[in-house]
Structures are given as structure tokens and as C-alpha cells.
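A single chain, nothing else alongside it, follows as C-alpha cells in the form predicted alone.
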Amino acid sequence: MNKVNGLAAKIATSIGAVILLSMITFIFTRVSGDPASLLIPSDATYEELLEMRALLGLDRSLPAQFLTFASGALKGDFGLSLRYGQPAMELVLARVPATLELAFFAALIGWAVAVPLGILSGCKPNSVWDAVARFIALFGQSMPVYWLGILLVMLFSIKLRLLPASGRGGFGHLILPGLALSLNLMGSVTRVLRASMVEILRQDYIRAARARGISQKALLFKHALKNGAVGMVTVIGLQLGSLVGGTVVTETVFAWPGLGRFIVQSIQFRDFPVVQAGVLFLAVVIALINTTTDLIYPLLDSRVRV
């Protein structure tokens, strides 16, 4: 019963966070400017502006507009894009595959480097590998994604002419944005896994297992890694959400035609329905990732409860 109550509380918290974010997004889009002024000719009269505002429903009070938006969102209707005249959620979903492609590629790079490096660093503290791991962790968490992206473009695209600077196409188009996006994940996972391994390998039960003649390989994979997995799952779950949300900056720098760049363009055009649909979609995805991460804990450690 406690597990069920804990899960229900977690789901309720996630739903509440999504609703609150939707309200904040709705308010900030409305105070950012009037989209009606962008949809009428520059020489239009004030009466024509009022007519356009009434057509878009912007002449009503803010609570009335939000109730209309909320009732439509519950039915899956986020309205029509002011720029394209198509359903907003359809436009959002059409760009999700590009964003997922970039996010999963970045995650693959980050984990492929961070997991073995973090394990090696934790097993051999104060070694050369440990120094390399700590440098990558510090560099990855301190370097802004947009600045790293610009540096990568300048080096590999402009100077060396090895990789394309922007757009989506073949595998080469994935490399630079994937590297830029994966560096923060790489640093976080390396740091957490190293710290977990150093702490666990100093525990008494590890010393006792080593004294009983258990091989280093069995000691590492059957005992140390299993107990250190909870911390790693935590940071991986958080970083997955950050990867999906962090594509906004990366896609803008590399002109990647994904959801993040589309949201930025919609903000500039004051396309309220698309912005609201896109932000709500990202919020739901991140909430699902965090909830799934919490549900994995008991599978790794029976002492952990939802």
C-alpha cells in the first residue's frame, strides 16, 4: 500500500508540475507581445488590429483565454498555428523524430565514454586515468553548450572542412551537435560514477570479499557496480531530461530542424499555440523520464522505496 501511495504521490506531483509549467508558459507568451500586429499589414488601421485580436481571441480576459486553452488541451486540441495555419501539436510531433535522434545520439556518446572512464577512475584514484576523468567532468559541466558548439563549427567545419556546420542529413551532420550536447552528460556521469566507485570500494564488505579471494572482475561487476548503480541511474535520468530540453540551444546553434529550434522560431514569431504545445510536450516527456527513474530504484536496491 505504501508503494502504491508513493507512486500515486509521484504521479500527482508530476501532473501538478506539468500544469504549473503550462500556466507559466501561457502567461509569459501573452505578455511577450501581440501576435496580431505581426499578422496584419504594416499600414493597417487600429480598427483592423482590433478585428484581428478578436479573431484570435486575444480581446478576452487572460483567465478566459486560459480556460479555452485548457479545455482544448484536455481534448488534444492546442489550436492552429498562427504562422502555418495547421494544428499546433501536429507541427510539434512532426519535429520530434529529429530531436530524439540528436538526443539519443548524444546520450550514446556520453555513456560510451563516461561509464568506462568513471569505473576506471574510481578503481584507480589519483592515477593518470583519474586525472583525465576529473578534467572531463570539470570541463563538461562548466563549458556552455552554445559556446562549445560555436568552437566545434569553427574548428571542424570552417577551418578543417571535415564536417558540415548545420542541417540534418547523413551521419556527419550528427557528429558536431551530438558532441556538443553530450559533453555535459559525459561530465556528470563520469563524476558521479567515479565518486560512487571510490566510496564503495572502501567499504568493509568489499575488503572482506577481496580477502576471500574473489576476483577483481567479480568484485567490480557483481558487488561494486550493482551498489553504485542507484546514483548513476539518478544522474542518467536527470540528464536524459536535460538532453531533451537542452536540444533547444544545440538545435539553434547547428540549425538542426528539431523541436527545440522550432520552439525558438515560434517564440520569435509569437506563435502562441505552437509554443504552448511544444513546451507542454517537453514537460510531459521529462516528467515521464523522472517518474520512470524513480520506479527503477527498487529494482536496483530493495531498501529503496518509491
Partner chain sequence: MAIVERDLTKNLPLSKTAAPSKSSSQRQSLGGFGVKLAFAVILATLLAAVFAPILAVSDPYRQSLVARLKAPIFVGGSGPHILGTDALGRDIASRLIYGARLSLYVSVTGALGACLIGTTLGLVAGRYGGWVERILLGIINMQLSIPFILLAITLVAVTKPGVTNIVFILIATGWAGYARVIRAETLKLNEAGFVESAEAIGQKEHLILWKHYLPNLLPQIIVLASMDIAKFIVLESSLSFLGLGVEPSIPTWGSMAAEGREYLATHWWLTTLPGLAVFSVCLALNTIGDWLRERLDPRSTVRG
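Residue numbers count along the first chain shown, from 1. Only the largest set of C-alpha atoms that superpose within 1.5 Å between the two forms is called the rigid core. Computed from a predicted model, the values in this text were never measured in an experiment.
Not on display, but discussed next: the form predicted in complex with the partner chain.
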property: Partner proximity in the predicted bound form: residue 272 to the partner chain, non-hydrogen atom cutoff 4.5 Å; result: yes
property: Contact label in the predicted bound form: residue 139 to the partner chain, heavy atom within 4.5 Å; result: yes
property: 4.5 angstroms heavy atom contact with the partner chain in the predicted bound form for residue 17; result: yes
property: Contact flag, residue 150 vs the partner chain in the predicted bound form, heavy atom cut 4.5 Å; result: yes
property: Residue (of 73, 175, 143, 93) lying close to the partner chain in the predicted bound form, criterion heavy atoms within 4.5 Å; result: 143
property: Residues within 4.5 Å of the partner chain in the predicted bound form, restricted to 263-282 and counted by heavy atom; result: 263, 264, 267, 268, 270, 272, 275, 279, 282
property: Core-aligned CA displacement of residue 175 at least 2 Å between the shown form and the other one; result: no
property: C-alpha of residue 198 off by 2 Å or more between the shown form and the other one on rigid core; result: yes
